[in-house]
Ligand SMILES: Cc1cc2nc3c(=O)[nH]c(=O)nc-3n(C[C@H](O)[C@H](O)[C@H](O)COP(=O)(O)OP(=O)(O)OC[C@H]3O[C@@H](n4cnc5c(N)ncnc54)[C@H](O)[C@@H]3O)c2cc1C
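Here we start with a single chain on its own, the form predicted alone, put down as structure tokens.
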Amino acid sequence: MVDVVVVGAGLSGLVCARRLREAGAEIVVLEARDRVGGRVVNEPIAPGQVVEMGGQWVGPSHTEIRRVAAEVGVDTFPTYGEGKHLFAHAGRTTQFGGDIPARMPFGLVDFRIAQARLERLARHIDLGDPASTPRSRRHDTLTVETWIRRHMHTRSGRNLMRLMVKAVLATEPSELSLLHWLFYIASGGGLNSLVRADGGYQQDRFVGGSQEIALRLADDLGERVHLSAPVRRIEHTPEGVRVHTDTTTYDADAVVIAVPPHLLTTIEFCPALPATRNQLSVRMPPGMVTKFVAVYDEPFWRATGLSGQATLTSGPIGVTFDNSPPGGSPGALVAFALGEDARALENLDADERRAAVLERLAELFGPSAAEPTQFHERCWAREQWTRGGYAGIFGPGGWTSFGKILGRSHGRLFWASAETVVHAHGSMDAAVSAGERAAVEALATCLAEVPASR
């Protein structure tokens, strides 16, 4: 018997467990994977050096994840961005400084006008209840692709906006509710904040990789964290909960389910969850993203005055960054295949995917990019306990049908994932906030019932 069972050892679950334990609760954390971290994971590339194959960046507004990182002794360092960025469009690659390429002047004007319109609409979003925003139902019937076609007038401008959607949410504009896009813009502090390295979401990385935060949180929890322990069934009554894994059953006062909404389908609930909660689990799927990291002896692109950052309006990859460790050696380039591009790559075998990505990197950064010493790939949709990335998204009708119940508890069941938080929705920062909130809710409901003998 424990006070609270936490399902999932990602950032949400580990932060939640830490706060519960600090409050005096007896807890256990059950993780289906053979590792902690959830949607953050490191890949060793040299002795003492790693690259991140999941969530990795934090911006100035991400105060919660920064605070937790500082508490466990993990520092940050700036994303490398010195030099010129690359923009590949319509068969040509050009260099530029700043945030947006100066090429395609008419398309850029079209894009900037569209950006201003979207941000004006986003300012009216009620972050606490997007579905109650005026015109929300109309916005929730439209896809972002529909809006782009109606309000943008140049092919290059439209392509740039499509790429921005894919880079931010790993989904096609045709799959995304306009209301969700407006909410995400408002949640992230504007489009520039979502895509910028200097002053935006991609500003900093964590020394030792983002998974290092999860590893240290788990070390602090010790034997309370159980790996390779998928939860199969949760029985819940007004008096308590019973949680079943393949080998053990736990009785508790409450359970915090710290997994993305779409993974609730992997657990049997008895009695069944409410109809709307069940529907939510299949109506908020994650995007599609494959992350590639090519490792080199040195970051050779820096010597040629390039930052390693590239934007591409046609596949197989959409964006790249310099992903080298803090000291700059070995060098690493990270490339993202997003949405339809990622799905198309899944039709190829591993060698063909590698060749396609390296060919594109060589076109951008020169022939040296085709000869990495290491090549790492992670398609999050292949993982049984993730099934996509970066976070769950709503298609048309999602917010107005299910938005109000995202973070709402059900009896002794509490929800914690990055999708349930308003500020920096879907980010590592939101994951931390979700864990903190769920811990408070579980404690308020259950800790007063814990017998003194415990």
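Remember, it's a predicted structure, so these values are computed and weren't measured experimentally. Numbering starts at 1 and runs along the sequence shown.
What comes next is about the form predicted in complex with this ligand, which is not displayed.
*Asks:* Would you point out which of 66-74, 42-50, 399-407, 382-390 contains residues with a non-hydrogen atom within 4.5 Å of this ligand in the predicted bound form?
*Replies:* That would be 382-390.
*Asks:* Tell me, out of S329, T146, T266, S314, which residue has a non-hydrogen atom within 4.5 angstroms of this ligand in the predicted bound form.
*Replies:* The residue in contact is T266.
*Asks:* Quick check on this chain: which one of V289, A310, L333, L176 has a heavy atom within 4.5 Å of this ligand in the predicted bound form?
*Replies:* Result of the distance check: V289.
*Asks:* Given that this ligand is not shown alongside this chain, does V5 nevertheless sit within 4.5 Å of it in the predicted bound form, heavy atom to heavy atom?
*Replies:* Heavy-atom contact with this ligand at 4.5 Å: absent for V5.
*Asks:* Could you confirm whether V256 comes within 4.5 Å of this ligand in the predicted bound form, counting heavy atoms only?
*Replies:* No, no contact at 4.5 Å.
*Asks:* Does at least one non-hydrogen atom of P230 fall within 4.5 angstroms of this ligand in the predicted bound form?
*Replies:* Output for P230 is yes: heavy atoms within 4.5 Å of this ligand.
*Asks:* Against this ligand in the predicted bound form, would R412 count as a contact residue? Criterion: heavy atoms within 4.5 Å.
*Replies:* Result no; R412 lies far from this ligand in the predicted bound form.
*Asks:* Enumerate the residues of 17-46 that have a non-hydrogen atom within 4.5 Å of this ligand in the predicted bound form, in sequence order, or give none.
*Replies:* Stretch hits, in order: L30, E31, A32, R33, G37, G38, R39, V40.
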